[in-house]
Structure formats: structure tokens, C-alpha cells
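What follows is one chain in C-alpha cells, specifically the form predicted on its own.
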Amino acid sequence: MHFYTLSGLTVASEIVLPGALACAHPAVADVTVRAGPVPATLAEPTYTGPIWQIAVNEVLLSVPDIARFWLKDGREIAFQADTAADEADVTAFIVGSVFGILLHQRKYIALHASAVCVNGKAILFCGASGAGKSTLAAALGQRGYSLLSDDICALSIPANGAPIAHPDGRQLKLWANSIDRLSLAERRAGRLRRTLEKFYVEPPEATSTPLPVGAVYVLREARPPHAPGIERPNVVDATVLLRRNAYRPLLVIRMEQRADYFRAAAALAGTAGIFHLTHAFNFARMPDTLGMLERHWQELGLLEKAA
């Protein structure tokens, strides 16, 4: 068995999970990953989609030409790979979409986000694929901000106090162009999937401690009518933004978590803040974006203002 930490959970896996942080053998793992067999359908699904089925405490995900994945009770992931599937494709789904679904099963707030540590607080960057979450986290890493999570960020909401972001322990996932432009070639590890020019990248520094959330930014491209800047939407819009940036938003509805995300949005709005970060999708403007963020963190009291 191989042992890892993902989203603050210990994982015992029969196969190597590239990009995940190895850990010591836990007494009891939170999650196990094992090879099949996996049923073609669930016995009594309550919801059915093109490639997924949901039942009480079970989710079946069928990815054509790659694998079927069976998630049970938020504790077990069984997979049955297609005979022609590349192992890297299978593991990419396990540490990505499949683990995101498992976090929903465990009733975490699972966001499509990368996060860094700023003075003991978790700063989250949400957005769709291609919005620049990982690239922004990597650029901030070069300024000395340690990585908390990449692509998936799991939050828990205590009865009192700020929501908590759990350290993910996985490497950054960056396109080859981002690696070149950020001069990270020496930190590049294996390819994410055989058919993609996307690679795992070791961050300069990573945080392994759960942190209260200091701010959540939803990334948006700077183009008319949106100019570069940071703005705070009203509470209603912030609630919608948070749910839209869940990891697989449809699951929030199908797994009856809308009320959980509403409470999370209210908690974040009250203790941290949810913001639009409008920035240019342009490496030449990256210093402007980083400077804009640091000035905002000074305004929020997360960084000391320059003398």
C-alpha cells in the first residue's frame, strides 16, 4: 500500500498517486483506494447523469475509455480501469474529480480553488479550468507564500469562527507554458496525463497546517466591461459565486448541499470576504496582479503596510 495526505485526509492506496504528498503509515486511513471490481450500475440510484449515478452513500462515475469509479460512504474509492486505459489517466481522475466527489460525500465545502498561506491565513483563488488558479499560486510561491492546496480546496465550517481550509499536500499542476514563463523547469515532475502538456510541479514551500480562511477571490478575465481590480459583491451574489465555484457544482444540488454552501458563504462573508479578482490573463501583467493582491491584503490587515 501507498500512503498519502489529500485535503487533510489520510489515504491508503493500492496504486501510486502522482502529485500527492506521501505520509507515514496511519493507524487507520480516512480513505482507501483499491482496484475493482466495480458495478456497471448502482442498485437504486436517486439521480442519474450521462456518466454518473448517485445513491444513498454511493456514487458511480463512469469515464469512457478510462475507468469506472465507485465511491462509498466518503471512505472508499474502488476503480476498474478500462483495458486500454493509461494508468496516468486513471490516477489523474482519482486525485481530481473522484476525490472532489468524495469530499462532497464527507460534507466538506469543496471548492475549485488553489490556495496559499498569507500570515497564517488561507487565501483562496477560485475559478474554472484555465482561469489561472495554479499559475497565480505558483507565482505567489516565488514571492515566498507557501502553497496550501491546488485545484481542490476543502473547507470545514466550525460553529463559531472563520471557516477552515485544509492542507492538500499535492503538487501544483501547471501547463508547460506556465512552467517556462515562471522558470520552474527545475521543479517539474511527471506529466499529468499522457495526452496533455501539463505537469506536476513541486512548490518552493507548502503548508501542512489547517488555516482559517482570510479571503476568497473568484478570478475573472480583465476585458470590457471588466477592468483590472478587486471588488466585493453583495452577499446574495457572493453566495451564488461560491456555489458556482464548487468542485462540480451540480453535485451540490444532487447531493443536497445547497444549504451547506449558503451557510459557508455567509460565514466567509462575515469573517473573511468573497471578492472578484479581475486580472489580465497575460504573464507580462503578472507583477501588476501580485502587487494588487498584496495591497489588498494590507487593506484587509493580512499584511503590514510598507513604511
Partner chain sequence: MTRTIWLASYPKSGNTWLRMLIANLASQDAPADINDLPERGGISSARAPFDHLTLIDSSLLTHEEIDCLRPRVYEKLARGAQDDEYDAPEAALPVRFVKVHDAYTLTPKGEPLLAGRGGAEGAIVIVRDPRDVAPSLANHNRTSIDDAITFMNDRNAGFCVKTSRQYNQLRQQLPGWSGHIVSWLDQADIPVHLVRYEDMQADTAGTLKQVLAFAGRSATVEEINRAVKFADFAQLQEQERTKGFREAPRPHAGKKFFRRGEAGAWREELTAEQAARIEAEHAPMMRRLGYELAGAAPLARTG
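Numbering follows the first chain given and starts at 1. All values derive from a computational prediction rather than experimental measurement.
The same protein also has a form predicted together with its partner chain, omitted here; what follows describes it.
- Looking at 24-32, 270-278, 37-45, 250-258, the stretch with residues near its partner chain in the predicted bound form, meaning non-hydrogen atoms within 4.5 angstroms, turns out to be 250-258.
- No residue in the set 153, 293 and 298 has a non-hydrogen atom no more than 4.5 Å from its partner chain in the predicted bound form.
- The closest heavy atom approach of residue 177 to its partner chain in the predicted bound form falls within 4.5 Å.
- In the predicted bound form, its partner chain lies farther than 4.5 Å from every heavy atom of residue 55.
- Although the partner is absent here, residue 204 lies well away from its partner chain in the predicted bound form, with no heavy atom inside 4.5 Å.
- Residue 266 falls outside the set of residues with a heavy atom inside 4.5 Å of its partner chain in the predicted bound form.
- The contact residue chosen from 210, 120, 233, 130 relative to its partner chain in the predicted bound form is 130, the criterion being a non-hydrogen atom within 4.5 angstroms.
- The single contact residue among 143, 107, 193, 75, judged by any heavy atom lying within 4.5 Å of its partner chain in the predicted bound form, is 193.
- Contacts between 54-69 and its partner chain, taken as any heavy atom within 4.5 Å in the predicted bound form, involve 61, 63, 64, 65, 66.
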